[in-house]
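Presented as structure tokens, the chain that follows is alone, the form predicted on its own.
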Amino acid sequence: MSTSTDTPLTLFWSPGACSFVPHVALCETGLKFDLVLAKVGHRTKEFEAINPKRRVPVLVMNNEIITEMAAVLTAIATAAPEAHIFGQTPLEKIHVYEWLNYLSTTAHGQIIAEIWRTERFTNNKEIYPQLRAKGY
């Protein structure tokens, strides 16, 4: 995959969501990019057509749609290898993937969901406070 700094990238993001991470990564690389608001709870039909999973981040690069945090960050790192956002050595890159997997499967998928998306675990609204407390 290659891109030039003249080829704009588009990042779909939402305030307070994990899409903040690729936003920072793009700023660090110096790549030209556009931000498109895809606010949680207010996703448009256009956004759903781009990403049926209805989740951010979404990166559009060279007309390719890239979803999921590790893939989005890998695309950014590949587009700007001189920025070394995934480290400089193979072992540093391995540890970046290790951390990304932990964040996406454990921290984000379980802990954060217990706090902000308790309905994923149960329809019983009476126990939402207990689930949120467990997430904290």
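In this text, residue numbers run from 1 along the sequence as written. Everything quoted here is computed from the prediction, not taken from an experiment.
There is another form of the same protein, the form predicted together with a small molecule; it is not shown, and what comes next is about it.
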**Study point:** Residue contact check: residue 18 to the small molecule in the predicted complex, 4.5 Å heavy atom
**Key:** yes
Practice item. Consider residue 74 of the chain shown here, and say whether it contacts the small molecule in the predicted complex, taking contact as heavy atoms within 4.5 Å. Key: no
Exercise for review: Check whether residue 40 has any heavy atom within 4.5 Å of a heavy atom of the small molecule in the predicted complex, and answer yes or no.
Suggested key: yes
Check your understanding: residue 78 near the small molecule in the predicted complex, any heavy atom under 4.5 Å?
Key -> no
Practice item. From the candidate stretches 91 to 99, 78 to 86, 27 to 35, 53 to 61, select the single one in contact with the small molecule in the predicted complex, where contact means a heavy atom within 4.5 Å. Key: 53 to 61
**Study point:** Residues 10, 23 and 48 all lining the small molecule in the predicted complex, heavy atom within 4.5 Å
**Key:** no
